[in-house]
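Single chain ahead, by itself, as structure tokens, in the form predicted on its own.
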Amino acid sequence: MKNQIGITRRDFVTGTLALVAGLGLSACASGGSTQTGDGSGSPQSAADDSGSSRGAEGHGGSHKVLVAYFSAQGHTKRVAERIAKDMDGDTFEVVPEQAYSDDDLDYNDDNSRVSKEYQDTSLRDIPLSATAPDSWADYDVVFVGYPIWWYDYAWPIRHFASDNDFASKTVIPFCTSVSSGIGGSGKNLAAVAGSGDWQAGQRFGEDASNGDIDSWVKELDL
């Protein structure tokens, strides 16, 4: 899977630009269930459309799969939950202690939170409600999802990478964006993590179809 990269401020939140004016920041996901964001550290199991667990029939096979994600506006969340459903995995939502509001995500406003964080990298150290599920050690395959902000991973996902031990885990990054590719975001997160077998990853549009997600999952060599 070849990655693409570019740099223009217009695409700041290629995965997060979906504000009321149509220029918001794009985020994540659909199709499974997720952590409620209360910081409990409890993962949620994916379910089929009827709400029951899919059991051993999922694509994950003998793997214990976790789909962790940060989502600013729901796009990455939708993709993450679909991956979890396909893989018969659990989801874990990476939740900042201080949530981002729509105004915070307005990249057109130089005084918005996210613009200030972009301009001053010292502001990008975002504390999380929880950095991993309690059962972290049980997972051998971890998907890591995030929107693209200014052609890189959205910085709230950073502490998930830096604060966990990925040794003996296969890690597959994925992102959502309006137009730019995954670029070097996955490699950059791998460098932050410092351990784990990080794969090339995949970029999805903010309105990615279930079919596109399912096809990608089926192609994974796990």
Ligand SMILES: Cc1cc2nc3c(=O)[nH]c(=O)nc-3n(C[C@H](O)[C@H](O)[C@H](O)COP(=O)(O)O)c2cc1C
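Residue indices: 1-based, along the sequence shown. Since this is a predicted model, take the numbers as computed values, not measurements.
Keep in mind that the form predicted together with this ligand is not shown, yet the notes after this line are about it.
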| Sole residue of 66, 161, 172, 178 within 4.5 Å of this ligand in the predicted complex, by heavy atom | 178
| remark: Interface check vs this ligand in the predicted complex: of 148, 144, 94, 83, the one with a heavy atom inside 4.5 Å is 148
| note | Answer among 85-93, 102-110, 120-128, 133-141 for heavy atoms within 4.5 Å of this ligand in the predicted complex: the stretch 102-110
| Which residues, if any, of 191-221 lie within 4.5 Å of this ligand in the predicted complex when only heavy atoms count? | 206
